[in-house]
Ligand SMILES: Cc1cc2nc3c(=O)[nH]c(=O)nc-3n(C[C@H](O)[C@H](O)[C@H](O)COP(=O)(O)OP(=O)(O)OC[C@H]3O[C@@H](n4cnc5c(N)ncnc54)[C@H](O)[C@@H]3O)c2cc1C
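The chain below stands alone and is given as structure tokens, in the form predicted on its own.
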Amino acid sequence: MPRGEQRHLIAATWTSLKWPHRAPADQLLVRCYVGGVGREDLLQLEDEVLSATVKAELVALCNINVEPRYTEVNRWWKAMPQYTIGHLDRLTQLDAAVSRYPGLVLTGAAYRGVGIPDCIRDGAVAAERVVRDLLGTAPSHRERVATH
């Protein structure tokens, strides 16, 4: 959710729509995200207050106004990497330093994207690099695209 919207909810994953086996067919399972940089104060709220805040957001945004059958609150302090200005330049320098050690590749949310698809893509590229280093072959098209 863009900060300009001035919402507490920053994201929601409609888990039971992505993976229907995660909830009965007549129920909706939603994972909601609040907090983040500059919004840490929300995480200080009691579980019940935080749940009510998220529920109010779902009512306002999606007209979901039924009482949840189950709620769970988890606080993941500083869980998502925050890329700062110069991150790409630092990655270029890091890649150059690591390239001196064939077979060593750094991958994960700290480098080229925090989302699951980003990490899967980066992991696939990392695996290709390791194989390339082991075989002594040229970079693949996917590797060249991922690093530019």
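Bear in mind the structure is a predicted one, so any value in this text is a computation, not a measurement. Position 1 is the first residue in the sequence shown; the rest follow in order.
Form predicted together with the named molecule: not shown, discussed below.
Between the options Ala52, Leu91, Ala109, Leu58, the residue in contact with the named molecule in the model of the complex by a heavy atom within 4.5 angstroms is Ala109. With the partner omitted from this view, the residue of Cys119, Leu29, Val98, Leu45 that lies near the named molecule in the model of the complex is Cys119 [heavy atom within 4.5 Å]. With the partner omitted here, the stretch from 35-43, 64-72, 111-119, 98-106 that lies within 4.5 Å of the named molecule by heavy atoms in the model of the complex is 111-119. At least one heavy atom of Lys18 is located within 4.5 Å of the named molecule in the model of the complex.
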